[in-house]
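One chain follows as structure tokens, the form predicted alone.
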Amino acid sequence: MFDIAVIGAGLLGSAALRHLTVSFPELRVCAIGPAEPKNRKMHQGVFASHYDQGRITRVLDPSPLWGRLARESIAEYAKIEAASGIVFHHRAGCLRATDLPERIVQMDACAEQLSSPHSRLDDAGCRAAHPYLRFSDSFVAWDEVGEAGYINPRQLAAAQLAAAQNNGAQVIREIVDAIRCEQGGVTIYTRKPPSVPGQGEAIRARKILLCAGGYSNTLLDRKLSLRTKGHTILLAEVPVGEVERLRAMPAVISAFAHKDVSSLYMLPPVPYPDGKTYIKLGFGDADALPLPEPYFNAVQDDRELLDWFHTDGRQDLAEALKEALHRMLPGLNALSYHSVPCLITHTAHGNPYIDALDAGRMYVATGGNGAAAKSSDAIGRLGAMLCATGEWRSQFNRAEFHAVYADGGSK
């Protein structure tokens, strides 16, 4: 029997597993979750949104809570790389630009509170610092340097798991079909082989920490208030000459009311496993989308999300992203374009759920709200500490992470 089993081996689950091995080396712990499929369109199991090469990392954020989570996580990056031997952090900087008055107030407050190294630029200053970028004629930008840039989420999850395994944790590469709270602990039923439900093994643990993202409700009798939303990403292939021209390009996050400037996020050229280099971008503000992305109600079975992950996302949104890319990077020479699907799990209050669902047996750390990759280490740590001790051992306000149920109740 395991002392704690982490359900989910993605960014949050892998972080939680590592922290359990560091803070509680006497415990027998494991993470249960499948490896990345070799063929996305043929895969019949679960997916994870960290199957990617680039996610923006930075401290400055309109939400001070997310800024603090990011700051605590970024402080651990070097330690995780050293413990695993896997490099995932790339210091490229991050530029946030906006013409929204309320966003300017929020960003200035966060910059003052969290003191991450940055320059506050007006439109002329931004054009001088980054002449290849185009926004509007009047805006404010925060050019964050230091540790800001991007992480490779595939490598981050691999690094967390490797460090945890080096400390004695087990990683079980299976899909979880069901969990049952029973006297003395929890029984976890896995799917084995992956295509045949109900034919796996039963794994026993005294406690579990549920880190299953958009699949969390498929394992719960009483459902959480979670909305799983499709998200379309565009990858624009760029040649060596463009990679060199944009060598100093930071990650970009824009939020604009101006009709000709899209609200989006964009990464600098990043190498991908196919040997090509891509600029990755997606729309960042759901309220500013030119067309709505689909929502899913994944509550019964993980196969409810299969159809979405077998697509290439929404092609009309991919075309809109292509147009936005060339407005923001005029003169860009792109060799090809393709789009991929992703999934964002939204909670009721916009923060992760980190809570006890059945005190002493079942705990949860889930709901990234499209912002958790960079902050996953701190979120995983909060979940690990709560699960292991039953206590909230953090200066964060526990109430900001309380779980909300679909029936309106909360813990």
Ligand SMILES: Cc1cc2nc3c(=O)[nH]c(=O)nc-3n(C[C@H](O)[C@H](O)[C@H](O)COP(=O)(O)OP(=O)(O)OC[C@H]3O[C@@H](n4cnc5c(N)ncnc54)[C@H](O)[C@@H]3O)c2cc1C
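Given the structure is predicted, the values throughout are model-derived calculations rather than measurements. The first residue of the sequence shown is number 1, and the count goes up from there.
The form predicted together with the ligand is left out here; the points below concern that form.
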I need to confirm a contact call. Of 371, 65, 356, 348, which residue comes within 4.5 Å of the ligand in the predicted bound form, counting heavy atoms only?
371
Find the only residue in 378, 60, 362, 344 having a heavy atom within 4.5 Å of the ligand in the predicted bound form.
344
Does residue 4 reach the ligand in the predicted bound form if we count a contact as any heavy atom within 4.5 Å?
no
Would you check, heavy atoms only and a 4.5 Å threshold, whether residue 207 touches the ligand in the predicted bound form?
no
At 4.5 Å between heavy atoms, is residue 69 in contact with the ligand in the predicted bound form?
no
How about residue 176: is it within 4.5 Å of the ligand in the predicted bound form, going by heavy atoms?
yes
In the predicted bound form, which of the stretches 113-121, 328-336, 82-90, 231-239 has residues with heavy atoms within 4.5 Å of the ligand?
231-239
Could you run down 1-34 and flag each residue that has a heavy atom within 4.5 Å of the ligand in the predicted bound form?
7, 8, 9, 10, 11, 12, 13, 32, 33, 34
